[in-house]
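What follows is a single chain, given as structure tokens, in the form predicted alone.
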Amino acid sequence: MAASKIQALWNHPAGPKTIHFWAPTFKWGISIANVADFSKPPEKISYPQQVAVTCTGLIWSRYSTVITPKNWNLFSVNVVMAGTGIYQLARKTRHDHFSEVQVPGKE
């Protein structure tokens, strides 16, 4: 039973023998790096970078559902990419526009 599932994955049109498997697999590195940046101070977050990460995630999530064969690895990495980008943009926007400015020496 398990061997047949592994064989099916191995021979899938988007399986490990193709670039359709490895490209999204390595793309997880970008999402993991973005999650690691959650601890970065908001003032060090780049708007252009996070807009690019978010747009890439949104566009390619949609694309991955309309291509043949369906590539669920590509879909999942891009959903996570869009989600982490949106979260980082929200952190940066909240910090830049909605936080109270502390003036040194005045309380």
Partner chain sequence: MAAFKAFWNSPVGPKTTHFWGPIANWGFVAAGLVDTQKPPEMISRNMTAAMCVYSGLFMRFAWMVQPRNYLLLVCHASNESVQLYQLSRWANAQGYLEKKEPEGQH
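Numbering follows the first chain given and starts at 1. Small disclaimer: the values here were computed from a predicted structure and weren't measured.
In what follows, reference is made to the form predicted together with the partner chain, a form of this protein that is not presented.
Heavy atoms of residue 82 never reach within 4.5 Å of the partner chain in the predicted complex, leaving it off the interface.
Mapping the unseen interface onto this chain, residue 12 falls outside it, with no heavy atom inside 4.5 Å of the partner chain in the predicted complex. Within 4.5 Å of some heavy atom of the partner chain in the predicted complex lies at least one heavy atom of residue 56. In the predicted complex, the partner chain sits within 4.5 Å of a heavy atom of residue 26.
Although the partner chain is omitted here, in the predicted complex none of 73, 86 and 90 has a heavy atom within 4.5 Å of it. Contact annotation for 33-60: residues with any non-hydrogen atom within 4.5 angstroms of the partner chain in the predicted complex are 33, 34, 36, 37, 40, 43, 44, 45, 46, 48, 49, 50, 52, 53, 55, 56, 59, 60, listed in sequence order.
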